[in-house]
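So this first bit is one chain, no partners, the form predicted alone, shown in structure tokens.
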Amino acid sequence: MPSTRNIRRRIRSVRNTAQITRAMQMVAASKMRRAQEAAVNGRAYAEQSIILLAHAARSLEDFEHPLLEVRPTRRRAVIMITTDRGLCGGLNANLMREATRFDTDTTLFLAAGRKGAQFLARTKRRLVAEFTYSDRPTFAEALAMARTARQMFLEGEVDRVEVLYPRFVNTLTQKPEVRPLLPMKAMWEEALTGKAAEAARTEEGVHYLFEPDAKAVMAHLLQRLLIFQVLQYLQETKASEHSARMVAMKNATENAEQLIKDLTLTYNKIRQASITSEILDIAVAQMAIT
């Protein structure tokens, strides 16, 4: 049976841990609200931008662009977006499990986030580029990732580029998803047949006027859309990270508090047994004297 001193020491240790997890929970909760707003507010704009450009491109009969070229997929690149830090539940583990489904012989990886880069290096997958991004992802950070992916696609190193990221559903749910990025026709096809199909039908029959030149405008918009899509995926990841960390730290705090209660009960039982034993010893000694 453990001594009361050891139990007191363990209670003190668990209480200190609970203070840390509670502080981390509060920090994650404050960041979570801001990140969730950024992800949710940008989602509708991202989906509608894809639909608008898809219909605008279809309205131009002879419009072609290298970013729209569909080729047989002999080799693909995957931008794997994870977190820099842990303590966020199974968020990164789910993404890593999804990454193992890609063929290692035909897949190149670009890692955004240290956890993903460490996993790819540990499992000896082909990591060709690493990126970092802040708590508030910026356009410049998304530009660096989009530029590398675009260069690999245009130079023929890969025939398809996809993004693996945790889609923010709600505070309790973050779902790992793989979304097409290049060629952009694959992105359009997914948008036009997915949840945004109804919104896409409203664009049919609309005529577009371009100034000064339709092809120049579309080429510029394609570049901007590519960058914005990467930025949206980064924002989704941050919203998922802070939500998962807040929930994980909340559970850890509750478990620590329950453990403190159990240890306190055990401590009181041992102390009570010790007091009872001492009383019995005194009573037996008194009886022996009399």
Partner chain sequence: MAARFQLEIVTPEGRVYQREVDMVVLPAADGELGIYPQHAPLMTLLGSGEIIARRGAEEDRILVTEGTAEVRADRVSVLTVFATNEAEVDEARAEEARRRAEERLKEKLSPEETALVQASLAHSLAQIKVKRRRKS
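Numbering follows the first chain given and starts at 1. These numbers come from a predicted model, not from an experiment.
From this point on, the text means the form predicted in complex with the partner chain, which you will not see here.
Novice: Work out which of the listed stretches, 210 to 218, 177 to 185, 121 to 129, 87 to 95, brings a heavy atom within 4.5 angstroms of the partner chain in the predicted complex.
Specialist: Of the options, only 210 to 218 has residues within 4.5 Å of the partner.
Novice: Just to confirm, with a 4.5 Å cut-off on non-hydrogen atoms, which of 65, 31, 250, 55 contacts the partner chain in the predicted complex?
Specialist: The residue from 65, 31, 250, 55 that makes the contact is 55.
Novice: If the cut-off is 4.5 angstroms on heavy atoms, which of these, 167, 147, 75, 114, is the one near the partner chain in the predicted complex?
Specialist: Answer to the contact question: 147.
Novice: Under a 4.5 Å heavy atom criterion, is residue 108 part of the interface with the partner chain in the predicted complex?
Specialist: No - in the predicted complex, heavy atoms of residue 108 and the partner chain never come within 4.5 Å of each other.
Novice: Under a 4.5 Å heavy atom criterion, is residue 140 part of the interface with the partner chain in the predicted complex?
Specialist: Result yes; residue 140 sits at the interface with the partner chain in the predicted complex.
Novice: Residue-level contact is defined here as any heavy atom of the residue lying within 4.5 Å of the partner chain in the predicted complex; does residue 49 satisfy this criterion?
Specialist: Contact with the partner chain, yes.
Novice: In the predicted complex, is there a heavy atom of the partner chain that lies within 4.5 Å of any heavy atom of residue 41, even though the partner is absent here?
Specialist: Yes, residue 41 sits close enough to the partner chain in the predicted complex that at least one of its heavy atoms falls within 4.5 Å.
Novice: Between 226 to 247 and the partner chain in the predicted complex, list the residues on our side with a heavy atom within 4.5 Å.
Specialist: Residue within 4.5 Å: 228 only.
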